[in-house]
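Take a look at this one chain, the form predicted on its own, written out in C-alpha cells.
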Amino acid sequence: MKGSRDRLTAVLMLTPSLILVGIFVYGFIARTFYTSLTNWGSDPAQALARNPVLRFVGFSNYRELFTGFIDVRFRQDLVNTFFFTLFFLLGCLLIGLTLAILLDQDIRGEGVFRTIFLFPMSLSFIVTGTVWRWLLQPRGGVNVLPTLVGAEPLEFRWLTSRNQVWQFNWQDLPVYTGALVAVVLAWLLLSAWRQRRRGRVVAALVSLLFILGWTVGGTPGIELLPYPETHGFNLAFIGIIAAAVWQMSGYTMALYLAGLRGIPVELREAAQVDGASGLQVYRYVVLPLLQPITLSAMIILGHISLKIFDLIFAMAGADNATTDVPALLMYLTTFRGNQFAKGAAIAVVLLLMVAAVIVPYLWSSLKSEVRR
C-alpha cells in the first residue's frame, strides 16, 4: 500500500516536468523538423506573413544543403566544424592531461596553479572572444611580439585568412564516409572477437566486407555534385582554435586531475616494484585507468564544439565566411535571410550531429548501470 502511494506521488511530482519537457523540447524539435520539410521562406511575400501558406516539399531543403549550387557555404561550414572539433579535442586533451600530470607531482603552490589554469573556464565565450580578437589584430597583439626582440612584425591574418590546406573534393565524401564506417566496423569486429561473441563477429564481418567493397568500388550510384568542389581547413580557424583550447583546457585538466587522484597509490607502487619505469607506469597503468575520463571529456568537448556560436561571433563576426560554422549559418539563414525552412534544416542537421556524439555515450552509460 505504501509502495503504491509513493509511486503515485512520484508520478504526480514528475508529470508537470515531463509535460513541459515534452512541449518545449521534443515538441519544438518536432515542429522544427516539420518546418524543414516545407518551403517556408522561399517566397519573400510569405516569409513574414501572419498566416503563411506553406507547401510540403519533403527533403528538398536537405538535398539543396548537401548538393545545391548556392549552398556551398554550408558544406564548407561542415568541413570547418570537423577540423575545429578535431583540433579542439586534441588540444584540450593533450594540454589538460599534461597540466594534470604536472600538478599531480605534489608541487609547491598547487592550489595557485590550479586556480590559474581553471580561471579561463569561468569566463564566457563572449569575453574570451573579445579578448582574443584584440590579441589577434593584424597590426597589433600577437603579430607585434617579434618586434620586442628586434624582428619584423608578423603579417598573418589570424581571423581573415582565406588560405586553405588539406583540401579535398566534396564529390569524394561518400568514399571518405565509407572508409570511416569501415574503421568503426573493424573496431567493433575486434571488440566482438575479444569478447567471443560469434553473432556479432559475423554481423560486423559481413558489414565490413560490404562497406569495403562499396567504398573500393567508388560508391556506385552516388554523385553529390556534377562538378568538382574543393573544401579544406581554413587557416583563419587557427586563432579561434587557440582561444577555445585556452578556455577549456583547464576544465579538462580538472577532470584528469580528479582521475589521477582517484588511482590507488598501490597500483603505481606495484608496477614500480615489477620494474616499470615512470613512463611505463603512465603508459600501462595510469592512462588505461583514465580512459573513462577521456571519453567523458571527449563527449563534453565534442558537444561544445559542434554547437559553437558565441566565440566565433565575438571573434570574427557573423559575416566572416572564412570562419563560419553551421550554427552561425543557421542564425544568418533564419533571422537575416528569413529562410525559415532552410534554417530549420540546418538546425536538424546540427541536432543529428550532436545526437551522434551524445546518444552512444548515454546508451553505453545506461547499459553499464543496468549491469551493475
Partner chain sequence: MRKFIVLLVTLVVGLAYADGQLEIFSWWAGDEGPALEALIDEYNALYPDVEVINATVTGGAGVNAKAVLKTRMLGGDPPDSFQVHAGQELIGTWVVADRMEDLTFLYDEQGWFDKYPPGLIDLLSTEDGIWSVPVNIHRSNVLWYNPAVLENLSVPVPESWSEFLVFCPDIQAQGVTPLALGENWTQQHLWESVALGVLGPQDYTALWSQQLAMNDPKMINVWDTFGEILACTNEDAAGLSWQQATDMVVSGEAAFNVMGDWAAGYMNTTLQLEPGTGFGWAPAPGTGGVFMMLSDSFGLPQDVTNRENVLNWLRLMGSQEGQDIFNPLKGSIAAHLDSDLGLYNAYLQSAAADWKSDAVVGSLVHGAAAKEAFMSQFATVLEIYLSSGSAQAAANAAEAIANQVGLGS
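Residue numbers count along the first chain shown, from 1. Nothing here was measured: the structure is a model prediction, and the numbers come from that model.
Separately, the form predicted in complex with its partner chain exists; it is not shown, and the next lines address it.
**Q** Can you work out whether residue 335 and its partner chain are in contact in the predicted bound form, taking contact to mean some heavy atom pair no more than 4.5 Å apart?
**A** Yes, contact at 4.5 Å.
**Q** Would you check, heavy atoms only and a 4.5 Å threshold, whether residue 69 touches its partner chain in the predicted bound form?
**A** Yes - in the predicted bound form, heavy atoms of residue 69 and its partner chain come within 4.5 Å of each other.
**Q** Is there a heavy atom of residue 294 lying 4.5 Å or less from a heavy atom of its partner chain in the predicted bound form?
**A** No - in the predicted bound form, heavy atoms of residue 294 and its partner chain never come within 4.5 Å of each other.
**Q** Wondering, does residue 62 line up within 4.5 Å of its partner chain in the predicted bound form on heavy atoms?
**A** Outside the cut-off, so no.
**Q** Using a 4.5 Å cut-off on heavy atoms, what residues in 43 to 59 are near its partner chain in the predicted bound form?
**A** In sequence order, 44, 45, 48, 49, 50 come within 4.5 Å of the partner.
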